[in-house]
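Given next, in structure tokens, is a single chain: the form predicted alone.
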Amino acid sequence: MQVTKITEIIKEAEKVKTFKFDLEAKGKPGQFVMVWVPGVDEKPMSLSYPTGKMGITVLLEGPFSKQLGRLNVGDRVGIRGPYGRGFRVAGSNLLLVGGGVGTAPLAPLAEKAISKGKKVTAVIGAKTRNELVFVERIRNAGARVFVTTDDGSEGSRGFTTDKTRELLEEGSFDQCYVCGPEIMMFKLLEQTKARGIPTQLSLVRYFKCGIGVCGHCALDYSGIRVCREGPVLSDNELEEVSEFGRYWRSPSGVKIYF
């Protein structure tokens, strides 16, 4: 673990902040780090800035993230990682779909893919306009961007899956990348599988160790450890997973159904 200072805090949305650290990141889009707030806890956080100055983007809702949100520039945290498997850039015409703060790991993926000459279309969704994340960052990278909000306050009224369905009816893509609420990812995977589009999805599970030792994040019944073989998994890997889109496990191991 490295103890480092917070060098910058950016308010991205109503309940979302980006924290940058005094660390040079050598990660990949889709990887995560374990973040330790002294006296509070340690939690996994996706990298929104996996290269250059390391950064994470956090929804300030749970007890840990709220405590993180109270920190200031100059305060210290502990960082382990980057860990896990990130997104693999494949094909030339790519579709990215992000829901809420799930857009965070997709932003550096868009930048990386476009820098490699890929064509990127992104669908970014949130409940309301005040919760949208990294729309301009992804647009400025050169992607074609569509915005959806549940209440219609920005972009199209509806869900990301509604806009994705429209795009898939108009044409196809070589690869799809998804991060967001699991029920959204489950429904979107149904759409891409029906059209034979390879899809990579970033899963969220409760991590204790983050390095594949404890087995707490192992998926039923495949045994895939989300922290080690994931968090980015392919559509083929998820075919052997019984819990995806149905339930996850609490810290005590109890099944929590979606």
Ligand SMILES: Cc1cc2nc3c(=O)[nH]c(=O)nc-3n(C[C@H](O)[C@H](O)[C@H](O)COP(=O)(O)OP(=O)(O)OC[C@H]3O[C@@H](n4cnc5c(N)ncnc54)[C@H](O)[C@@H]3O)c2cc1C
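Not measured: the values here are computed from a predicted model. Residue numbers run from 1 along the displayed sequence.
Another form exists, predicted together with the ligand; not displayed. Remarks below refer to it.
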Location of the ligand contact in the predicted bound form, chosen stretch of 118-126, 98-106, 168-176, 155-163 [non-hydrogen atom, 4.5 Å]: 98-106
Listed residue (V37, I197, L219, L203) with a non-hydrogen atom within 4.5 angstroms of the ligand in the predicted bound form: L203
4.5 angstroms heavy atom contact with the ligand in the predicted bound form for M54: no
Interface membership of F64, the ligand in the predicted bound form, 4.5 Å heavy atom rule: yes
Partner contact for F21 in the predicted bound form: the ligand, 4.5 angstroms, heavy atom: no
4.5 angstroms heavy atom contact with the ligand in the predicted bound form for K43: yes
Within 218-244, the residues that have a heavy atom no more than 4.5 Å from the ligand in the predicted bound form: P231
